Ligand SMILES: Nc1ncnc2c1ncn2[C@@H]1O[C@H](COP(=O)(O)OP(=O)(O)OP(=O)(O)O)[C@@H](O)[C@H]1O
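First, one chain by itself in structure tokens, the form predicted on its own.
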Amino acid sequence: MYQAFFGFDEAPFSLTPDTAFYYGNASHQEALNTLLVALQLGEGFIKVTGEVGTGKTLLCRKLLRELGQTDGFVTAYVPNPALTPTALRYSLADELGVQYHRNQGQHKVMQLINERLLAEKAAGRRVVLIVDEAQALSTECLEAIRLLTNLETEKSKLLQVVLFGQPELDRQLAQPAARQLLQRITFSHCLAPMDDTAVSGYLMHRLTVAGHTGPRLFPARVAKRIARASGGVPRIVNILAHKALLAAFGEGRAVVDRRHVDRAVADTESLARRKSRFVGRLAMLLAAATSAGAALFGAYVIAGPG
């Protein structure tokens, strides 16, 4: 809607994870570097967690892209792991290009997967299974993945695994049934929200990738307002920036100001609910303080100044 007005070639704040817009802030770049180094070292299990909206899927796709451009790696990607263990094995076989009949037993399918992994190893390639939204994995699927990593030669694993998930994944792995898998996780990283400086750089980066060459659309104080309102969560930053641009466009303004961001915040349900909860808690605290103060005053009147 506003692309031509601001001089964009494409929408700068789409919620679709597009690696062209990847911004290597400190936490994400540290995670990516950790992943690449750990995979080069041949580590079996690696885990990346982060709250909703912190950019796990974008980082996941960035990793897939990096590995796809690196000699010596073959990747298998499972974006929706809400599967049965059987379906998970079929999914891995499909990703690896393994030919099998649907009526073949699981033992035969596992044998074919093992043969493909050995062939890739003989060709000098590492196979990496990357699971997004891993908090959706059942306990049975987690155990199935652990058993897959038992496939190995005398010197190295035939399959490496990277799990991307929300913090609920940590709680799943803390269960007694998953303790063997938990012990095998050698590297892990938790994605942190962006700070004010990173949000400002993030906004400028996405605008530049989208083709903007004009004056700065989000002045420093406006970018800071977005950072504080969003808590540094990339998805919420995108939502607020998009709505603020709409508000500025509606007024024919070439630069976003604080009023536009305030309107975007007021129009964002998740932020409105958070504010409502905060106001409710504050009211309860004030009521409790007022009640306690009245009781103390009453006691003072009855007992006198002592």
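All values reported here derive from a predicted model rather than from experimental measurement. In this text, residue numbers run from 1 along the sequence as written.
Same protein, other form: the form predicted together with the ligand, not shown, and the subject of what follows.
- Heavy atoms of every residue among 16, 54 and 133 are located within 4.5 Å of the ligand in the model of the complex.
- Proximity of residue 28 to the ligand in the model of the complex falls within the 4.5 Å heavy atom cutoff.
- For residue 149, no non-hydrogen atom is located within 4.5 Å of the ligand in the model of the complex, even though that partner is not displayed.
- Within this chain, residue 206 lines the site of the ligand in the model of the complex, having a heavy atom no more than 4.5 Å away.
- Residue contact check for residue 172: none of its heavy atoms lie within 4.5 Å of the ligand in the model of the complex.
- Though the ligand is absent from this view, in the model of the complex it lies within 4.5 Å of a heavy atom of just one residue from 247, 64, 58, 32, which is 58.
- Of the candidate stretches 254-262, 37-45, 64-72, 235-243, only 235-243 contains residues with a heavy atom within 4.5 Å of the ligand in the model of the complex.
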